[in-house]
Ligand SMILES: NC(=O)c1ccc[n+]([C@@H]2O[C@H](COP(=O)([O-])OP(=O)(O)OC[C@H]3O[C@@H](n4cnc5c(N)ncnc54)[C@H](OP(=O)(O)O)[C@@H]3O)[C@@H](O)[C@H]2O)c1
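Starting off, we have a lone chain in the form predicted on its own, written out as structure tokens.
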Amino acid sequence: MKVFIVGIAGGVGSRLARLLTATGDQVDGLYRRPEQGQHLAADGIHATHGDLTRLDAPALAALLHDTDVLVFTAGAGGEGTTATTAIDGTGLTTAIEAVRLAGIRRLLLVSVFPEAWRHRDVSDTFEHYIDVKKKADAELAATDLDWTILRPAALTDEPGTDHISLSPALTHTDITRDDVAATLAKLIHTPQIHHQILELAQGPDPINNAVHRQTRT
């Protein structure tokens, strides 16, 4: 299977790329900075230098030849409201148009819990981020693509546990980036799961079991 990861140099995207490459999948994706490409290459990961905010849909589609599934895990990462709109919002619009032009049916989006940190006094920048992510979810869900939206809880860099909770609705807690990547890898290879919004947190279920359970919903 060939997987194209928009955001391949990020904390989740790079982990996903390593997992998929190790199991024999073909991997490609976009990275913005030259040093990111060097780090990916050192891990044996093929990737393409490109800036999502500067690519139009035809240009991105031209990079997607023979792709089976696109994973959108790009994010502005606290660079400000303008970057959030351009990457998390407009960037997804570009990706949706690109997969259509390229004849690709499957798109997996890494999103966020809509109620993330509702108990905290959050900044206007964070509120803008939540708003953009929710609108992106709605935009993708309105398409006729075979989409899946994964909403991880608060991300941590602790080692993965291979045990999660995965459901259409969960309480916002936390989840390791390792386990998000492993869950995405399993979802990629479970094409019967589509047109679902799934929330993800640390939990008691082995990842394989948790994903398989969603095929019966």
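Residue positions are given as counts along the sequence shown, with the first one as 1. Quick caveat, the model's predicted, so the values are computed rather than measured.
Only in words, not in the display: the form predicted in complex with the named molecule, which the text now covers.
Scanning Ile87, Leu108, Val99, Ala136 against the named molecule in the predicted complex with a 4.5 Å heavy atom cut-off leaves one residue, Ile87.
With the partner omitted here, the residue from His65, His46, Arg33, His39 that has a non-hydrogen atom within 4.5 angstroms of the named molecule in the predicted complex is Arg33. Picking from 191-199, 20-28, 5-13, 204-212 the stretch near the named molecule in the predicted complex, with a 4.5 Å limit on heavy atoms, gives 5-13. Mapping the unseen interface onto this chain, Arg177 counts among the residues with a heavy atom inside 4.5 Å of the named molecule in the predicted complex. Heavy atoms of Leu155 reach within 4.5 Å of the named molecule in the predicted complex, making it an interface residue.
Proximity of Ala95 to the named molecule in the predicted complex falls outside the 4.5 Å heavy atom cutoff. At the 4.5 Å threshold, heavy atoms of Leu52 reach the named molecule in the predicted complex.
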